[in-house]
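A single chain, nothing else alongside it, follows as structure tokens in the form predicted alone.
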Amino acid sequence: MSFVTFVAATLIATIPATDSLTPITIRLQAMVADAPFQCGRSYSGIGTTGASITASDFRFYVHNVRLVNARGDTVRAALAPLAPWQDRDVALVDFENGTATCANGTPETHPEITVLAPAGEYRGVAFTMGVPFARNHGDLASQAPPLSLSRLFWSWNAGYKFLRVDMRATQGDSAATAWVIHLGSTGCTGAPGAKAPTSCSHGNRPEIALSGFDPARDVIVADLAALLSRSDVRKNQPQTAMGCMAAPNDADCGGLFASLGLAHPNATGADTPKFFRVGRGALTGASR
């Protein structure tokens, strides 16, 4: 029995399902266009210059999950406590498996979210990417999973990296170039001398809503090719962080923010392909 199967079985065994509250699994799949994501695999035709990339990390946090039922009503779907992947406030989606180029990651993956919601038929899903403000700015050393991972944490003030994708972009006539996507809150300030801020000028928590999603049938596809479709991963804006680390003055963030539905001074057009979409069918192989 795999680790994920074991914890899922434990969850179902310890949380009694009733007519009004039952565990529902929302499945996700990492893709690069029409190819499943794999650590160490090279993908071509990426971004505005058709670059090739090899990724070494792919994880993000989710909270505030909602389902839309057959009547069109939005239903709160509380996160089911499922250590080490999710507690009652936040869930970690983890596509890397600690192999090949992802050697700094973890062996276990978690391409799903388990929620507690009324039994019934659903036709849509919504969620917020990131960590809630109340949990985003604390002492990493005192945090329990899924908020205990140092590779997904910036600092007490800035908080967590809501989305982390690390990659190397390659081109035929030069060495591989590192390029990363680290999305989190910026412009966080607080009282003088305090470690934790009281507010952030840019929360940077994407609100995602997908219609036509049936958790019993469909998967949520997270597509790196779509996320990078308006970016040139062969270059980095001078005097800014490598790739995009969510800075408002970093033009490299423009296409990424547009793909996530976030505001940014350099955001590309509304026609920018979206990072998330609904995939039909099972959680295997290419998107349907």
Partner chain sequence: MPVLFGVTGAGAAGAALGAIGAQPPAPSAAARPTARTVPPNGYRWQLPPGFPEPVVPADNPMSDAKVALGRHLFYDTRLSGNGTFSCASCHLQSRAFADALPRAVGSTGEVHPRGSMGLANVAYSPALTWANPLMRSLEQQALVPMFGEDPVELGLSGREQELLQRVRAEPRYAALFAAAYPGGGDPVSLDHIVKALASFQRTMISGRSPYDVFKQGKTSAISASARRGEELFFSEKTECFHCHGGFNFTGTVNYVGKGFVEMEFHNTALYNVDGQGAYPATNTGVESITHDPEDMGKFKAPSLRNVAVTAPYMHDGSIATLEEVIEHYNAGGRTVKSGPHAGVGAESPLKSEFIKPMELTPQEKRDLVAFLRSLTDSTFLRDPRFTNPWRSTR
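Numbering follows the first chain given and starts at 1. If you're wondering where the values come from, they're calculated on a predicted model, not measured in any experiment. Heads up, when I say rigid core I mean the largest set of C-alphas that superpose within 1.5 Å between the two forms.
If you look for the form predicted in complex with the partner chain, you will not find it shown, but the lines that follow are about it.
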Q) Among the candidate residues Lys195, Arg135, Arg123, Arg76, which is the single one with a non-hydrogen atom no more than 4.5 Å from the partner chain in the model of the complex? A) Lys195
Q.
Can you pick out, from Ala209, Ala83, Leu140, Ala119, the residue that has a heavy atom within 4.5 Å of the partner chain in the model of the complex?
A. Leu140
Q. Thinking of the partner chain in the model of the complex, which stretch from 93-101, 213-221, 187-195, 124-132 has heavy atoms inside 4.5 Å of it?
A. 187-195
(Q) Can you work out whether Arg164 and the partner chain are in contact in the model of the complex, taking contact to mean some heavy atom pair no more than 4.5 Å apart? (A) yes
(Q) Even though the partner isn't displayed, in the model of the complex is Pro248 close enough to the partner chain, meaning a heavy atom within 4.5 Å? (A) yes
Q.
Although the partner isn't part of this model, could you tell me whether Ala169 comes within 4.5 Å of the partner chain in the model of the complex, counting any heavy atom of the residue?
A. no
(Q) When the contact criterion is heavy atoms within 4.5 Å, does Leu149 count as touching the partner chain in the model of the complex? (A) yes
Q.
Just to make sure I understand: among 197-217, which residues lie within 4.5 Å of the partner chain in the model of the complex, judging by heavy atoms?
A. Pro197, Ser201, His202
Q) Any CA movement of 2 Å or more for Cys102 between the shown form and the other one, core superposed? A) no
Q. Core aligned, does the CA of Gln143 move at least 2 Å between the shown form and the other one?
A. no
Q.
Once the core is superposed between the shown form and the other one, does Val90 show a C-alpha displacement of at least 2 Å?
A. no
Q. If the CA atoms of Ala158 and Asn266 move by 3 Å or more in the model of the complex, do they move toward each other or away, so closer or farther than here?
A. farther
**Q.** in the model of the complex, whether the C-alpha atoms of Asn157 and Cys244 sit closer or farther than here (change of 3 Å or more)
**A.** closer
